[in-house]
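Take a look at this single chain in structure tokens; it is the form predicted alone.
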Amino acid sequence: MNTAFTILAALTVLAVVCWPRQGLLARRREARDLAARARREDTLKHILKCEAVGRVATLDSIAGALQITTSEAAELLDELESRDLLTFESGPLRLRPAGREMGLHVVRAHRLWESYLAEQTGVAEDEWHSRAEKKEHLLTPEQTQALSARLGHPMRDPHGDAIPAADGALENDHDHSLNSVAPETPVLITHLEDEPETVYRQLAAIGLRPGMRAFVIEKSAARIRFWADGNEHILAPVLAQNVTIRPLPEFQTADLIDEEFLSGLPAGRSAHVVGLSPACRGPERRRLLDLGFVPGTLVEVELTSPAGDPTAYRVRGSVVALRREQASLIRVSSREGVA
């Protein structure tokens, strides 16, 4: 009896450990292979991104990007060269066609997955990048194309980065940063750099998003004070460097200051919805649109709570309560004839 039990137990343990594809050894081997592939793909992605901004990837830059030693980075480059994915025969690292295709796919998968998280889920914004860093290595080209179709083939991700076509190229369109702009120059925020992650969290925490209109109020060596979508913000120059902009010559600073948001509408007043702020995304954006906050709709401040928040608004025959932070995402115009 004891012998049979011992044999059965041994066979069970053996099956758990050695079972093909499902056993512990198989799973451990699969995880090891995935980690090795992720390192290869991250290296190709790093080289591709360096090319796009006119920099040359180096052993040190790869080691820093992947958080590995220079010795490990050198071994990784040797492996990629042996796989015919890159070459450094003539000096600088250069991607071969297969390596460029693989690196482009990883970037495309990453940016599409961030777009999916932003528009289709309630995942917190500060988790988009880290989750996409993992998912980018799991999506096949076919799955990535299907995801693009599901999202309506977006051109840019939530941070403002261009999403390259499957057979396209990675281009750099982030030429000017917020701290390079002269004061009183209206600009459009086009991109927030999501690396390093700690910097991006600080930019997101104050509510900055691509698509916001802004202008610098004053600059010094210690800080940049600027206006964006109805609010004043202050950033250190090193943080402002991660905010990319383009000029808005058709606007004056007074135009931006005069922009109205539903949160600033006094009790008893009405206004027409102009649109939703780029800061409003995903489920929250869909909810506000479903409630009737679409361009041209008349909204009236019905009642303000004793504490001042939330406020009840009458829209399309219904009364809707919104918190101040939600109402601040809705652009309005109280001027007559503007709808």
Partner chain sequence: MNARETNAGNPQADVIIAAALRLRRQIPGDLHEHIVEAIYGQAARIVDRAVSRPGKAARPTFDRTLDRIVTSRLAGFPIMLLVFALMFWLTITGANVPSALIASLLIDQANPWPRDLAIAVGSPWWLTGLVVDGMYLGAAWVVSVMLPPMAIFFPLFTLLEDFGYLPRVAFNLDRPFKASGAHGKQAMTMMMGFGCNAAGVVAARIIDSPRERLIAILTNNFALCNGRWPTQILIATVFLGALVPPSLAGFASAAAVTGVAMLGVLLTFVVGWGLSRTVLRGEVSTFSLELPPYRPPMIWQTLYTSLISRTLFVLWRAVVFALPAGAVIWLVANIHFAGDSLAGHFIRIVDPAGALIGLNGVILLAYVIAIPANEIVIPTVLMLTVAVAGVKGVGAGAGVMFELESTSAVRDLLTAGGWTTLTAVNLMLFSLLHNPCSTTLYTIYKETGSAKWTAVSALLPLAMGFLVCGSVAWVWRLVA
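If you're wondering where the values come from, they're calculated on a predicted model, not measured in any experiment. Numbering follows the first chain given and starts at 1. For clarity, a rigid core is taken as the largest C-alpha set superposing within 1.5 Å between two forms.
Omitted from view is the form predicted in complex with its partner chain, to which the following refers.
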So which of Ser177, Thr87, Gln120, Ser263 gets a non-hydrogen atom within 4.5 Å of its partner chain in the model of the complex? Gln120
Which of 253 to 261, 224 to 232, 151 to 159, 194 to 202 has heavy atoms within 4.5 Å of its partner chain in the model of the complex? 151 to 159
May I ask you to check whether Thr69 falls inside a 4.5 Å heavy atom distance of its partner chain in the model of the complex? no
Decide whether Gln326 counts as a contact residue for its partner chain in the model of the complex under a heavy atom distance cut-off of 4.5 Å. yes
Indicate whether Thr43 is a 4.5 Å heavy atom neighbour of its partner chain in the model of the complex. no
Wondering, does Asp60 line up within 4.5 Å of its partner chain in the model of the complex on heavy atoms? no
Heavy atom within 4.5 Å of its partner chain in the model of the complex: which residues of 277 to 296 qualify? Pro283, Glu284, Arg285, Arg287, Leu289, Asp290, Leu291, Val294, Pro295
Determine whether the C-alpha of Gly64 shifts by 2 Å or more between this form and the one not shown once the rigid core is superposed. no
After superposing the rigid core, is the C-alpha displacement of Pro310 2 Å or more between this form and the one not shown? yes
Exceeds or equals 2 Å, Cα of Leu48 between this form and the one not shown, core fit: no
